[in-house]
Structures are given as structure tokens and as C-alpha cells.
Ligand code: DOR
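Next comes just one chain, in C-alpha cells: the form predicted alone.
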Amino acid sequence: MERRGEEGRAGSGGEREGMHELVIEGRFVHPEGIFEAEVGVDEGRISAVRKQGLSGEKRVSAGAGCLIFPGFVDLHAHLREDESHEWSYKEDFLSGAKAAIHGGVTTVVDMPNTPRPATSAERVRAKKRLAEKARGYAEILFCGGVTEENLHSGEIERMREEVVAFKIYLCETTGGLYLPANALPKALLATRGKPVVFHCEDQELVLRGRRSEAATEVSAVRSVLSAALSLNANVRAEMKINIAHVSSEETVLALRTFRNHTDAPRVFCEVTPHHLFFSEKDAARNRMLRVNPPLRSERSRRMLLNALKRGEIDFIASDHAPHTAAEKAEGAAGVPNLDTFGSFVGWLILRGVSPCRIASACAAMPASFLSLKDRGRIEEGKRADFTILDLKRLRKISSEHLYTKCGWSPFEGCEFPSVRHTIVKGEVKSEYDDVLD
């Protein structure tokens, strides 16, 4: 594994400080490198980063085989609960927050497409009230949906203070959240200053029967990029765009070309665990693997993995979609990923993805994209959120050891590294397969 010096990150050795509430020691991972240190925690914040010499009322020692990351930030999950409670049997905020902690995720962003979609400030506030029961586990933040109706009503402006990002669906989904491509310029103007996440499937191509699965994604991505470039430079400078769940080789190539455009706004992209691990051959054998966008060829899967290694893909996001096994048997699209998020990340490291890329894709970059300045890096003053992976202790994924209400995993039977601890604001919330009350 890559190792670099501690200069500029950890203080000089030998110095002693007062007693901290918690001291964590081991190998810490930044996007820039890996360093051995001790980190002091007080009142939920990182209060000291030193090579050695810190004293604490409690101590967590991450030994050989362990790596300590900033708490993982999952910017794309479907936690299913709203005031209707129509889908709470699949997942609610408490079960979702516990599943996140189990998977090493300390911050999770809930998507808007529930039976009462989050398309107004009041509906987002209602979700926040429901999420209070999950306080003390993973922090839940919210994405607001953009529709033609709330674009015209001015509701987008009222939602700004309630959400960390907006979500635009270019293909029909639950709650009528589809936004036609011709409304994109207006939507980008209305949401500017807030990050925007795009579900990119081209509605017209879907209605025509998908002349090719990849074509629907690439066509929608190009519509987004074209709309962004149609706006003036001052507006583009305020924009942050994320292309959700990139799945095809063609999309990565289109984004690579666009990013070379001198006037391009900031465009990011994410990849899911299932698109990195499974291919269309797996989906043909197992109907539980039906997802949108669909699994692609083995060539595309390998290309996505290599693009992640090179830094062309910015985020790893769960796209956690908890449907029951019975619903999957009837064709529901999506898979649950929160319980296994950290373990899958450990698998990526064993397959050659740099731990520093993981620190970027799972913590620093998503926190920066969402303007969460208090987390994402291991530095004094930041929230004391940590994800500790044990790369030497493998766990066999089993439905018997999951916290999601839907009760199953696409990775059933796989052996992945373990999440040793998830720590939120200086409190140890999990120990291997157990979430602690």
C-alpha cells in the first residue's frame, strides 16, 4: 500500500497533550497519502492529530491490516420513508441509518422519489421530522426533486435551505419526477448554487423501446451537458453537476471529452458497487440483479473499474434500493447496498484500487461536492467521523447479518473485508457485524 510522510498532517512526535475523550491510533488515509498517527477527539470533533503521545479516556487501536478513513459519505440512497409510510416496510430512516453504520457510512443522502416525493420544502421538512428517530446513527441529509410544476411555482427557491442537493430524472420514475430535456436550461438556472444529481436515461429512447441500453444513458448525458453549455459562463461557474450511476464505457468516454472543453462547468460522476462487480451475464442468471441503468458487458465493467482507479470517476455511491425479495421476483429494479458498502470498498482495495482513491471517492470528494465543509478529511476541527476497515478479516455476506429491512443482499455468500468500526462524532457505533446502541 502507498505510504507517505506525515509532514503537514501530524504534529512532531514526543509531545504530550491533555486527556482527550477518545484517541484513535493507526494508519490514516487521505487522498494524498497514508500516514501513521494518533488522533484526539473531543466533543465530537477532531481536536489533535499527532504522530504519538496523545492520552485519552478511551482508545481505539487499529492494528495490522486496518486502515482508518474519514467517515464514508454516500450521496445516493433510497431510504423509502415519507409521511405516507406506504414503503416503510422496505426501509425506514432508522433501519436505513443502522444499515449505513453497518456498512461504514456516516453520512447518507436520501433521494426524493418516494410515494409523496420531496418536491416541496414542507415535504422535505416532514422527512426530516421522521428521520429524527435515526439521530445518533448515520446522519441523513436530503435531496429535493425537480419537476416542471415546482419550477413554475417557485418552490425550488423555498427548498434550498432544506436540501443539500437537487435531483433531476430525465426518465419517468416514482412520484412523477420526470423532467423533459427541453426544461433543463430553466432547471439549471433555478437550482444554481446547489449541486444537481442527474438520473440519465433518455425518455424518448425508452418509449421507443431502447434501441440500445447504453444509448439511453449516453443520449441523456449529452442532453445535460448541452444544456449546461448553453448557459452563460457566470451561471456555469456556479454549477456542480453529478451524473448518477454511470454504467457504460460510452458514458465515461463522453464525459472525458466534455471535461476537456475549456468552458465546461464542474461535472462529476458516480459509480455503484453493483456496476463495478456484476455484468449482464450475472443479470441473465439472477433476476435479483435487475437495476436501472442495467448491468452492462464485462468489458464495460472492467472499464468502469479502471476509470475509478485513474480518477475519472469521482464518487462511489450505493444507489441503495431496498425492495423485498418478493418484489424483486416481480421485476422491481434496484438492489440494497448500504450494509455492504464498506466491505465492498475493502474488496476494491484488494483488487488494486488505491486506498487514497477510496478516501477521495468515498469521503473527501462527496463531502466537497455537497459543500459539507465539516467532514470528509481527517483534520483538526472536522467532525470525528471515521470508517475503519480490516482488510485481513474477511466476512461472508449473509442475509442473517443485515440491518436493512428488505433482508437480502446481491452479494450473498461473497467474502469481503470487514468494517471493524464506524465512528460518528467520536462515538463508536459498530464493531464488525454488530451495530451498537
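Model, not experiment: these values are computed from the prediction. Position 1 is the first residue in the sequence shown; the rest follow in order.
Another form, the form predicted together with this ligand, is not on view; read the next lines as being about it.
The stretch that touches this ligand in the predicted complex, counting heavy atoms within 4.5 Å, is 328-336, out of 328-336, 102-110, 180-188, 155-163. Among heavy atoms of residue 243, none comes within 4.5 Å of this ligand in the predicted complex. This ligand is not drawn, but in the predicted complex it has no heavy atom within 4.5 Å of residue 142. Not displayed here, this ligand is kept clear of residue 297 by more than 4.5 Å at the level of heavy atoms in the predicted complex.
At the 4.5 Å threshold, heavy atoms of residue 219 stay clear of this ligand in the predicted complex, well away from it. Comment: this ligand is not present in this chain, but in the predicted complex one of 120, 173, 88, 203 has a heavy atom within 4.5 Å of it, namely 173. Checked against this ligand in the predicted complex, the residues 127, 301, 357, 199 give one hit for a heavy atom within 4.5 Å, which is 199. Using a 4.5 Å cut-off on any heavy atom, the residues of 282-310 that reach this ligand in the predicted complex are, in sequence order, 291, 292.
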